[in-house]
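As structure tokens, one chain now follows by itself in the form predicted on its own.
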């Protein structure tokens, strides 16, 4: 099948490369000629494990190419995926200008029946909006259909998630269009759910908002655990064994960041308000999440007796492991709060430092975790990269001015850290749970 993909961000580029790997002919389109040139040279503009190798393989097989010409790509293909960004506006509503621009360009280029697939995360009603824009801009009355096909991939495992989705949602008001997209995904042999447009558009926001709710919920429980001497890790473990709840997204810590959850919850909140429904639930999800970095900095401040003149090291800057994405990253908020309080901030991340440096040149960027620890009064684990799991903590402790470890992802065992001589703080973790663990 001949496919065009408008937008080469995380969703667009991964979608295009995977479809090419499945044997389709793919044109990846972006307005940035620098990104287009890099892709055609086999260099992914984003960090995603396995993406460069898959891109290079399909370039060699001539199944994929990049271009700035969306009109030309539209004329030459059967299915056009819209995978452009929908960043939040100042009010938190999604900015649909890039979707509108893509739809207008596609409309001008129509030269026969096409299927336009919204893969960008968009509010309910956007499919109808895209249809109207294409109708307004088409020069001749060629037929077309609009489909909603939301993505559920996770940065850091995007290739795997695209090839092995839990489900494939296809929202269409025309069976002809739906069956064409079913055919496209058939090689994956995964469950497919065919709905109307509105249902598919709500599924994405409802899913992400529920996952964000689980994270904020367990963080609210973590606050209660800290007040009562309970251990949120054990609480979450017990909850997760209930098949109705599950273990996923019940990890207390610094909260969620990234390009999806924060903006999707905000967007969903605006949608329910637009239909005169109560937004309180969604407001509280965000309020709990926004408080996490503030609470962590306050814990550090209390332990050090103030932050003026202190040195605080951050382990990790990306919003999650295996990506260089810093959108809504918890580290950015921590940096801002620590600098405002007069602290010196040191940091290390395996891949994300080049993205943070232009934003915060005043931070001391280090070559590894041990360099971050040198003369630090406190260390904060921000991103649970694998290389942080098995550090030499005796070396870390000896390098620090004060051995204070604040575990923002509950990655480490509290008893082990305390035996090694650290003051250890974990989010919602019991002060001393070792005796009970030894009995089990």
Ligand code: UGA
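Residue numbers count along the first chain shown, from 1. If you're wondering where the values come from, they're calculated on a predicted model, not measured in any experiment.
The same protein has a further form, the form predicted in complex with the ligand, not shown here; the description that follows concerns it.
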Quiz item: Which one of these stretches, 133-141, 226-234, 177-185, 153-161, sits within 4.5 Å of the ligand in the predicted bound form when only heavy atoms are counted?
Solution: 153-161
Quiz item: Thinking of 346, 370 and 376 as one candidate spot, does the ligand come within 4.5 Å of a heavy atom in every one of them in the predicted bound form?
Solution: no
Exercise. Would you please decide whether residue 215 lies within 4.5 angstroms of the ligand in the predicted bound form, comparing each non-hydrogen atom pair?
Key: yes
Quiz item: Even though the ligand is not shown here, does residue 320 get within 4.5 Å of it in the predicted bound form, heavy atoms only?
Solution: yes
Quiz item: Though only this chain appears here, would residue 255 touch the ligand in the predicted bound form if you measure heavy atom gaps against 4.5 Å?
Solution: yes
Practice problem: Look up in the predicted bound form whether residue 249 has a non-hydrogen atom within 4.5 angstroms of the ligand, and give yes or no. | Solution: yes
Quiz item: 77, 271, 208, 126: which sits within 4.5 Å of the ligand in the predicted bound form by any heavy atom?
Solution: 208
Quiz item: If you check 260, 352, 168, 267 against the ligand in the predicted bound form, which one has a heavy atom within 4.5 Å?
Solution: 260
